[in-house]
Each structure stands twice: as C-alpha cells, then as structure tokens.
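Only one chain is included here, represented as structure tokens and corresponding to the form predicted on its own.
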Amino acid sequence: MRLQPDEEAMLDGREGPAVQQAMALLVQYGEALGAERMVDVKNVCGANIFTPAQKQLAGGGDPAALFSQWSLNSDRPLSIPPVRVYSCQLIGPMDREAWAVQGMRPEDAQAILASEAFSAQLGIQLMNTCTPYQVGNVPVKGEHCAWMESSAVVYINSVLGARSNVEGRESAAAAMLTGKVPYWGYHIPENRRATHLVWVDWDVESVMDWGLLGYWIGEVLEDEVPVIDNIRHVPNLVRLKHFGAAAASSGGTELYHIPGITAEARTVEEALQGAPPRRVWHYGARERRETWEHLNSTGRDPEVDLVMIGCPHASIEQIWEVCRLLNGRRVHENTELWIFTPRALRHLADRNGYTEILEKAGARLMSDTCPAIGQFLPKGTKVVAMDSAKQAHYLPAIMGVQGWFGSVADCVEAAVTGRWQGGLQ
C-alpha cells in the first residue's frame, strides 16, 4: 500500500506501540483486500466491551490487556491511548440495570462494567446500541466511516449515503486509534452502483412486509447491490431499519437503492450509473409467502414463552406502539414480553411514562444488549415470537428455540394470550 507521511509515522512506531499495532493491522488488512491506499475516517463504531468468557480465553488481564488482544490482535499488553476520532460503542453483552434478569452473576456484571468504564476513559461514546443513528450518530452523505454491525452499515450506506464497509472488531478498533481504514469496497464511488433491478409486484407498506422484502432480497442477491423499483409507499425509519437488517442477515447486503427515497438515486438509471442490470428480479405474492413460511419454519408449538421486540433496537415510535396495543391489558402469566431499545431512548421512554405502562402490563423494557448478542433467555424458554426477520433468522439457530415471525400486533397478541395466532394476510 502507498502510505502517507502520517501513516508511515504511525507504522514506524512514532506514535506509540498501540497505534503502531493498529496501523500494521490495517496495512495487512488493506493488502489482503488489494487496497492501494488508506482513507481518512472521523466516525467509527466498534465493539470493545469484553465478557468474562473473553477474559478467560485471554488468560485474564485488565481491560487494556483485553483491548490489546481482542481488538488489536496483539500478543502482548499495550498501553492504549485515547481514541483519535469520534468513536462509538455498539450493542454489548449486558443490560447494566437488568443484568440479574439475564441470569448473570454479580462478579461477571462488575467485570463488564469495568470494561465499559475503560472504553469511556478512551473517549468511546457508550451508545451501546446496534442503531447509533437513532441516538445521535448520523453521518452525512459522502462521509467515510468505519462501522461494525451489518444492520447499521446498510442503513447509513443506503438511507444516508455515508460510505462504510462492514468492519470487524479489529479493523474498527484500529480505525479508532488511527483515523484510517483501507480504501476499498463501498468507499469507492463506482462500487456503489446498483448491479440488479428488483421490481416489486406487491403493495409493501407494513413493517412486517418490509422485513419480508428485505429477507427475500438478501437471500436471492446475497451481497450484490439492488435498486428496488415500484415502491408505492414512502417508508419511514422503522421500515427501512427492518428492511436493511433483514437483507443484511439473509444475504450480506450492505447497500441498496430506492429511487427518490434513499440518498444516492433519484432514478433507476442513476442507481445503475448508466449500466444495464445484470438481472431483473420480481417480488410478488408467491415470493412473499415463501419468505414468510421460511421465517416461520422453526415454529411448531403455539404456546409462546417469550415475545421479543427490538431487533434492531426499537425506536421510541415502536415503544409507543406497543404501549397502545397493550392498552390496559396484561401479559399472560406464562409468557414474557421483552422490548429492547438504546439506553438514550429508554430514558425518553421513562420520561414519557411508557416504561411504567409496560411494567404495569407485566412487560420489561431493556437496553444495551439483546438475547442474540448476550445469549440469554428466560429460564425454560422454548418458543419465541418476534417482529424482526433478522431475529427470526438468528435466534433459533443461536439459542436452539422455536421462532415465530409476524407483525408487532401479532407479537403483542401472543404476549397477552400466551399463544401464537399470527398469519400472513
């Protein structure tokens, strides 16, 4: 790679061993990808809160030693300097207020809190969410970023027009200390053009339908870039959040275009940058039903132990909607209703009275984590209902449970009755 003088200085160790290790990691990464140079980034989202299990695998050590090994791939502890650029912590392993509900031991919770405190000392913003764009980190069109979390990257790439690849823990941590990442992938303008056209022969309007469309697109296009045409209703943040998360889960989609809605395409022709699509796909009633059946393929028993809402983390609008649907009703005695949201929005829910409404109904509002990341469920859980295609994709595989996927109304009804009655309208 061709390095600039400031990058050479980092690689030579003139800014300390941690920055040197970070730059060496990025150079190795870039050369493996065929990148010719670095690009400056001033917005990084990574994951640097470490679990007791990771500490045990590392053979112990303080948070700096864990950062050295897990985030910088160093075989020796390094003195970690403050981050060089604006950096945020993504979703973590624990709700700092409800860790006991997760089944976590006090000493393990304290270890995670110590790791979190170390990140804060480095200047990492403790957003602790998979949706930083919901709580203040909103990059602009054309801004080069280095973000982990596939559902977040596809959102900022597509809806906002920022430029990021899906980074790993190590490359994101290295970017925090250097302000650099290799110039490749979706940082390069020509790589952002659409490669396939998807014609939608269905009136996609609900959050559930946006999740179904996203999951189908990810399955058939894998990591290609679609331009999606014949969308008849303008989707809001929640719908695009669920759409992108589903597409990123089923196939690795990191960028899509919807003419007149997303940031970089006013027309299909503009999304394709003058080239013909490699293939035209059609999504209609048959594809919609097949996708719904696939997402519900692990569901067998109608008795629901847990209803989980908030993957990606729920917006304040979604929390408000759950409160409206509950409307004085109570969660069934044999069922739990858990809603996950960013910590900042949890505070807003407290102020709006939503937390009290949920608690009176027997539901629980959590933040900072989710069952798939933290790998926790209520004791004895065998059947989970979800409004997220992403969670329906991951949770049954990760936790060995049955999964039902449907609308948020279906999920709230399951929480109140204790039984899954959702279907495809």
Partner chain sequence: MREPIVLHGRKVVGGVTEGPALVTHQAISGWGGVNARTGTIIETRHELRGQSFAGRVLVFPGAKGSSGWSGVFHTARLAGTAPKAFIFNRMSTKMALGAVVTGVPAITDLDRDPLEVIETGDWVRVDADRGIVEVFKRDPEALPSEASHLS
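Positions refer to the first chain, counted from 1. In this text, all values refer to a predicted model and were calculated from it rather than measured experimentally.
Just so you know, the form predicted together with its partner chain exists too; it's not on screen, but the next bit is about it.
- Proximity to its partner chain in the predicted complex, taken as a non-hydrogen atom within 4.5 angstroms, holds for one residue of 215, 256, 340, 155, which is 215.
- Checked against its partner chain in the predicted complex, the residues 251, 161, 235, 226 give one hit for a heavy atom within 4.5 Å, which is 251.
- If you check its partner chain in the predicted complex, you find a heavy atom from every one of 31, 57 and 166 within 4.5 Å.
- The chain is drawn here without its partner chain; in the predicted complex, the stretch among 194 to 202, 166 to 174, 101 to 109, 134 to 142 whose residues come within 4.5 Å of it by any heavy atom is 166 to 174.
- For residue 398, a non-hydrogen atom is located within 4.5 Å of its partner chain in the predicted complex, even though that partner is not displayed.
- Of the heavy atoms in residue 184, some are within 4.5 Å of its partner chain in the predicted complex.
- When its partner chain is considered in the predicted complex, residue 350 lies well away from it, no heavy atom lying within 4.5 Å.
- The closest non-hydrogen atom of residue 150 lies within 4.5 Å of its partner chain in the predicted complex.
- Taking a 4.5 Å heavy atom cutoff to its partner chain in the predicted complex, none of the residues in 348 to 367 make contact.
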